[in-house]
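We begin with a single chain expressed as structure tokens, specifically the form predicted on its own.
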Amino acid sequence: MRIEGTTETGYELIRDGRPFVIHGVGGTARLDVLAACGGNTVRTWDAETALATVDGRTLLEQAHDAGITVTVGLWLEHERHGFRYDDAARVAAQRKRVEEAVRRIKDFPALLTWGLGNEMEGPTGRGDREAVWKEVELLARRIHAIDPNHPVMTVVANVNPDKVRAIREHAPSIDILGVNAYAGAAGVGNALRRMGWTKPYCVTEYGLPGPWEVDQTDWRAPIEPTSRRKAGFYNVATTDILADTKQCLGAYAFLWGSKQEATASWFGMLLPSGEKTIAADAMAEAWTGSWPNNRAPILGDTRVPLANRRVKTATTFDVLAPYHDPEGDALRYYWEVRRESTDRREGGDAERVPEEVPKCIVRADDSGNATIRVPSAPGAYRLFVTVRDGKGSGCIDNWPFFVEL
């Protein structure tokens, strides 16, 4: 595995003697579905995930079986979590952990690149702390010495001139700059060039705008884009990112799986039960030029009168969220009401899933009609609907509302 080219001629990632464009995702679920959609690589955030076993085989082995490569994350601790880069003992322990992981993994055939850290400079602020980037440089050199056959990428939370300058000055051994960006993902390349970055880069997290980038209700609940809009964001962003064939090596869409982040459905390209969504279909079209054989249900015109509104306790509403299945498969609907998340974190830190509120669904059918009784307790809630086609595809949408006495 190597990088060829120059700033003037452009860069390519070469694998097995051929150019390799990263059509990737963050997350490790359903590698068979990813391969069928045209994806060729996944990204982990730590080495433990890459070595975790299912049925006696590591993720790296399962990925190789599926024809998928892996950017293996080497987690670096965050000062915002209490780590200190001037604490010699803790830094030494981190170095040992990173080096041991590299020695254990370097010969797996599915290994594509190393992902050295993820947003360890912090998701906010200038991100130019010298001690962090000097440690990244030391580790990059050690990784190269142990494994000269795989490039080292470090991953940051978006970019600004101070951060890029600090990386250039203090971590020159980094081969690839990975950038996590959401609403501005398509502009990463131009921004980096304006800031003087001349090496290859990769967009390491992207997709739809994050909860911090969208409109909110008057009680400050972020309004999640519909599933159809999400698909558009993924498709357009992927196409725009990959259009930079000179300096960009590819991109990893977020998230191939499901996760509670503001809501249980915001970034998930798969349902918790494993079905692919319309966002995954949109990725397949962007990567291959064709839609999958079995496509996910598509949301039609909705009628959700409680959406983004304050409503009175214990009142009922008739709602409609019809989905169309492109293959005409019979759809099954599941409605639920959950409390709005009160465990909001930053930087992708783990959040608790809000509890489901019982007895809110008075009736529902499989044409998208339902009657909802809002909870008796005041507060912020969301109405979710999950739809499955029984053939491996599904969809999920939600609407926030606030209950008042």
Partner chain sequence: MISPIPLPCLWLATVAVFTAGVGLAEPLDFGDHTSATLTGKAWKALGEQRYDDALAYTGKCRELYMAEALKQQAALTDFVPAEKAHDSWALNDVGTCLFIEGQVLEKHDKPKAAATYRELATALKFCQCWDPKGWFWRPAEVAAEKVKQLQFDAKLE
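Residue numbers count along the first chain shown, from 1. Nothing here was measured: the structure is a model prediction, and the numbers come from that model.
Here the subject shifts to the form predicted together with the partner chain, a form of this protein not shown in this document.
Student: Any chance 295, 298 and 324 all have a heavy atom within 4.5 Å of the partner chain in the predicted bound form?
Tutor: Verified in the predicted bound form; spot residues all in contact, yes.
Student: Using a 4.5 Å heavy atom cut-off, which residue among 134, 168, 309, 193 comes into contact with the partner chain in the predicted bound form?
Tutor: For this set of options, the contacting one is 309.
Student: Can you pick the one in 108, 233, 75, 182 that has a heavy atom within 4.5 Å of the partner chain in the predicted bound form?
Tutor: Result of the distance check: 233.
Student: Does residue 229 make contact with the partner chain in the predicted bound form, using a 4.5 Å heavy atom cut-off?
Tutor: Close contact exists here: in the predicted bound form, residue 229 approaches the partner chain to within 4.5 Å, heavy atoms only.
Student: If we define contact as a non-hydrogen atom of the residue within 4.5 angstroms of the partner, is residue 291 a contact of the partner chain in the predicted bound form?
Tutor: Yes, residue 291 sits close enough to the partner chain in the predicted bound form that at least one of its heavy atoms falls within 4.5 Å.
Student: Using 4.5 Å between non-hydrogen atoms, is residue 146 touching the partner chain in the predicted bound form?
Tutor: No, residue 146 stays farther than 4.5 Å from the partner chain in the predicted bound form.
Student: Using a 4.5 angstroms cut-off on non-hydrogen atoms, would residue 173 count as touching the partner chain in the predicted bound form?
Tutor: The answer is no: residue 173 has no heavy atom within 4.5 Å of the partner chain.
Student: Go through 118 to 126, 155 to 163, 209 to 217, 174 to 182 and give me the stretch that gets within 4.5 Å of the partner chain in the predicted bound form, heavy atoms only.
Tutor: Stretch with heavy atoms near the partner: 209 to 217.
Student: If you look in the predicted bound form, which residues in 271 to 291 sit within 4.5 Å of the partner chain (heavy atoms)?
Tutor: Result: 278, 282, 285, 291.
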